[in-house]
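In structure tokens, one chain follows: the form predicted on its own.
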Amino acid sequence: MKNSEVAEKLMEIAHLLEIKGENPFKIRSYEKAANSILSLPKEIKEFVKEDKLKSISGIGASISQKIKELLETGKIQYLENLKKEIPQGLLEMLNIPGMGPKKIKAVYTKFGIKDIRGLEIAARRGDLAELDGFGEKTAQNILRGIELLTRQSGRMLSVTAKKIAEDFVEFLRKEKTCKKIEVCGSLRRACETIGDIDILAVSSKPQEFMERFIKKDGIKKVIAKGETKSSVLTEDEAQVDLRVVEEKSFGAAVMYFTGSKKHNIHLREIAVKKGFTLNEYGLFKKTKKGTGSFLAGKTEEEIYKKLKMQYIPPEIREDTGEIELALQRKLPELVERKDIKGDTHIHSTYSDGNARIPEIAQKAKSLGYEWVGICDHSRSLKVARGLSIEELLKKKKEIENFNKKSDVKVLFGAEVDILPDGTLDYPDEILRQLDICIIAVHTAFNQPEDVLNKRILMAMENPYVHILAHPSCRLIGKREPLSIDYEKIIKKAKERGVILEVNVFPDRLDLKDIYIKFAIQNGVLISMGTDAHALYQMDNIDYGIKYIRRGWVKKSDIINTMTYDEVKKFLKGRNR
């Protein structure tokens, strides 16, 4: 059983206890244990074998026993008993943006609502608006959340799809008949959410290869099985499609099934104008009688070359100008993973992170970084254990001492709350001491659009601000983006020299790719922050690189490619 599965069970206990109205300290103990397990460097079963469960932060005798029970039997009886007390529909409500355990308990206690459908009916007929602590606006937000949940059903975050796809590819590569294999579709283009996972392969024995595919562990259902194409549904409810193609057509098929649809259509039009026919089987010479001799198809590169175009990276194949530039051989050279020298946005144990400064630096070293920006939450964000000024200065001293002896340097930073009136959560005399000052909205999301815009623009005027973090505050499938004017914010960023963050935490991906592209076209620099709260989350930098490439980001557009000396000098020069 994976760590994520164990953590999920403990968090489920915490949610059920909160719905029941149990002791807050008891609830927090399960939440803390779940978060600690998610941050473990190895599998939880190893800690059980070594009898070291209690060495994990937040795990005492009671929770330790429940974890052992789960690993041995596949269930926790305590959780099963809780489920009997509380309807399953209440748990499903937790997936609705804005519906936490306290609100769920309130609607269940007052109206006896047991499922999402009942909640929707109560909201539409005005019952929720009359409930203490709700009001009409809350009721409207709940309806909006239900609609958002419905729209997102059937799709998964790209990072989730990536893990599933990699697992399949690793499994299929072990088959001796597998010559080539590639993940295609919207996952290869690094889109935000994914529907089905498309995998293409070359095999000398397609039927045997398909048989191996459908018998992989973790498959819930075989949807279809054929000689060259099969589809399965995993236990994670993900559909995975496998196609086996001829080696000479592999590149053409990868190109076709990567998409996008608009890119493919435009590319085929270019081929026709040049006297060719292009499809998933290859590039062919066009004749009066139709398709003629085979010209290319083994690789994507040779097809683009035959069309007298630059190779177009998968992430920008959206028919937004890439084909025209490729024909002129003027495509930008997109940033690559090897260019990245630091991460601007990481949280430590000073606020709500799970790792200490030396641990973060060590992880950064393993990722090939020269520096990291440790930016903990500011004092007003109590839910995230925001730092008082005294705690912040203590952190500064630790960083200064640490940097004297460390190869990987730490930028002394803070993620400073933009308060509802547009002021910042620390005074200027504190802000000027920061190596890196990130500002962000964390509260009052429902302010009117004009108020939100004025609030953010006012905060960007501060001379000590370096970066505006996760500008839209969206959480994919959970919270819609703020009603903000991106054009005004990008204009202000250019005017004030403020960097715009692309927060690559998987359910944020904020800025969206279209605004990344718009920002760099207007001369605004960006930063890439993993917003990591645990060491393993720092690995999202690899996933993040593919995402920001969708915004046509070059090495010169992003401060993460600067050396430590360069970024320190650059940020210091921003303070004026």
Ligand SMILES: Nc1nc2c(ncn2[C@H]2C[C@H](O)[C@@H](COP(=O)(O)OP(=O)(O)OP(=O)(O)O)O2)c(=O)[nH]1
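Keep in mind it's a predicted model, so treat the numbers as computed, not measured. Just so we're on the same page, rigid core means the largest C-alpha set that superposes within 1.5 Å between forms. The first residue of the sequence shown is number 1, and the count goes up from there.
The form predicted in complex with this ligand is left out here; the points below concern that form.
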Position in contact with this ligand when the complex is considered in the predicted complex, options G145, G185, P506, P206, heavy atoms within 4.5 Å = G185
Have a look at D485, D236, D196, E391 for me and say which one sits with a heavy atom within 4.5 Å of this ligand in the predicted complex.
-> D196
With the partner left out here, if you bring back this ligand in the predicted complex, are T258, K261 and R268 all within 4.5 Å of it by some heavy atom?
-> yes
Contact between R155 and this ligand in the predicted complex at 4.5 Å, heavy atoms?
-> yes
Contact between R189 and this ligand in the predicted complex at 4.5 Å, heavy atoms?
-> yes
Just one of 398 to 406, 220 to 228, 196 to 204, 330 to 338 has heavy atoms within 4.5 Å of this ligand in the predicted complex; which?
-> 196 to 204
Which residues in 344 to 377 have a heavy atom within 4.5 Å of this ligand in the predicted complex?
-> none
Using a superposition on the rigid core, decide whether the Cα position of D542 changes by 2 angstroms or more between the shown form and the other one.
-> no
By the 2 angstroms cut-off, has the C-alpha of E31 moved between the shown form and the other one once the rigid core is superposed?
-> yes
